[in-house]
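Just one chain is shown here, as structure tokens, and it is the form predicted alone.
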Amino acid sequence: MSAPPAPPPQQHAADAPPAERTGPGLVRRVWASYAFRRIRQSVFVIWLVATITFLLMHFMPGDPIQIMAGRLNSSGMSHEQAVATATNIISYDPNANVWVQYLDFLKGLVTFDLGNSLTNPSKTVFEHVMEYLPWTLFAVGAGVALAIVIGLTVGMAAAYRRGSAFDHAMTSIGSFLTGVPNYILIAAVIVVGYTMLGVLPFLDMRGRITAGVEPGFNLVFFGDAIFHAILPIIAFAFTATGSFMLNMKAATTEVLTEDYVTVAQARGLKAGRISRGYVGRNAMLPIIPQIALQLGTLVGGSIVIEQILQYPGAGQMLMQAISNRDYPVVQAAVIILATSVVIASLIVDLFLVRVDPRIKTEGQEA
């Protein structure tokens, strides 16, 4: 009886034929890769947000020409002159075919040309948005950074002291900060600090910068900008701090029960090394996606905070554009905010895959 034929030798990726490394095989591998799949999903989400925003803006009641004409009419101009002047200023035809407008909108979106503001035609939409967006991103970014430092440190400390008075107190504070809206908390800070105690210079803190301070790369400008952004930063840090605190406590408590932590303790490693290299590093993994989520939530929820604190950021700009029916500005603001959140989430996902390859494996199995 003859022996069965030997199996063919396995071929390594480096020994694969050139056609599979550079031809259709390479295209299939790139197309099926986790990173490219996440990029496709992100592009689809951005297109979906852009399309929904376009439809909402064009089917909302109201006409930007009539809104501007009403303002001109209230200043003493006749109705006919006001309509003619508004039509001349605003290069927008509300009666144009929706599909033609949609295709022009997609073309402008791909070429990064979203047109000019209807209420301020001398500026492009991008220029108009960039006057406000950096201030919101600065306040939100600083607030989240502050929340990360406080929330993760306190949450980890509470997990190490679970069951103690410190643990119960910090858990209660975290639940309170997470459950109460940040605009109510910052309103309470203003009432107590400004109205009752008189120690908070709220009137001087309104706006972006103090009159007379010139923007530039100098300590005077940066210090004044931080002074005006203190209350928004605190407001944005409130909710994020409570969420990070509770999640970090839960993640750290779970990691402390893992076998590798027990083994590290049995080997006699120092508590600080175990805390940083074993516990903290692994407890951070489920927190990283929540950072991107908090950024998106706070940027989207900046409208109320900026209205209360009179901080001219993207939220206040968006409200003004909606009231003026400035469609290009509203579309650009929503798309830019949504795109920044989607890109942040994409970066976090790709980073997590590098840190924890199990995520990619679970995604492929699903």
Partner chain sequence: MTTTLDAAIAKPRKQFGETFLGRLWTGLTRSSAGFAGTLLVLAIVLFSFVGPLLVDQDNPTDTTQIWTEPSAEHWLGTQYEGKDTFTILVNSGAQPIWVGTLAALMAVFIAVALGSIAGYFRGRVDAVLLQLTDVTVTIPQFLLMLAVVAFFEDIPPWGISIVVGSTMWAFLFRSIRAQVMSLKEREFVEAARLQNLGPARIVFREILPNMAGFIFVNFVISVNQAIYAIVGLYVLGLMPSGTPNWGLMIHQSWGQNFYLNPIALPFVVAPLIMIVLFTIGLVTMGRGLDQALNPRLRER
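Under this definition, the rigid core comprises the largest set of C-alpha atoms superposing within 1.5 Å between the forms. A quick note: this is a predicted structure, and the numbers were derived from the prediction, not measured. Numbering follows the first chain given and starts at 1.
What comes next is about the form predicted in complex with the partner chain, which does not appear here.
When contacts are judged by a 4.5 Å heavy atom cut-off, Phe176 counts as touching the partner chain in the predicted complex. Proximity of Pro312 to the partner chain in the predicted complex falls outside the 4.5 Å heavy atom cutoff. Contact between Ser33 and the partner chain in the predicted complex is not found at the 4.5 Å heavy atom cutoff. By the criterion of a heavy atom within 4.5 Å, Thr171 is counted among the residues contacting the partner chain in the predicted complex. Contact with the partner chain in the predicted complex, judged by any heavy atom within 4.5 Å, is made by just one of Tyr102, Tyr160, Phe227, Tyr183: Tyr183. Among Leu293, Val83, Leu256, Val213, the residue placing a heavy atom within 4.5 Å of the partner chain in the predicted complex is Leu293. Stretch-level contact analysis of 124-132, 198-206, 109-117, 268-276 against the partner chain in the predicted complex, using heavy atoms and a 4.5 Å limit, identifies 198-206. Contact check at 4.5 Å (heavy atoms) against the partner chain in the predicted complex: none of Ile148, Val154 and Asn282 pass. Core-aligned CA deviation for Ile308 between this form and the one not shown: less than 2 Å. With the core superposed, Thr51 shows a C-alpha displacement below 2 Å between this form and the one not shown.
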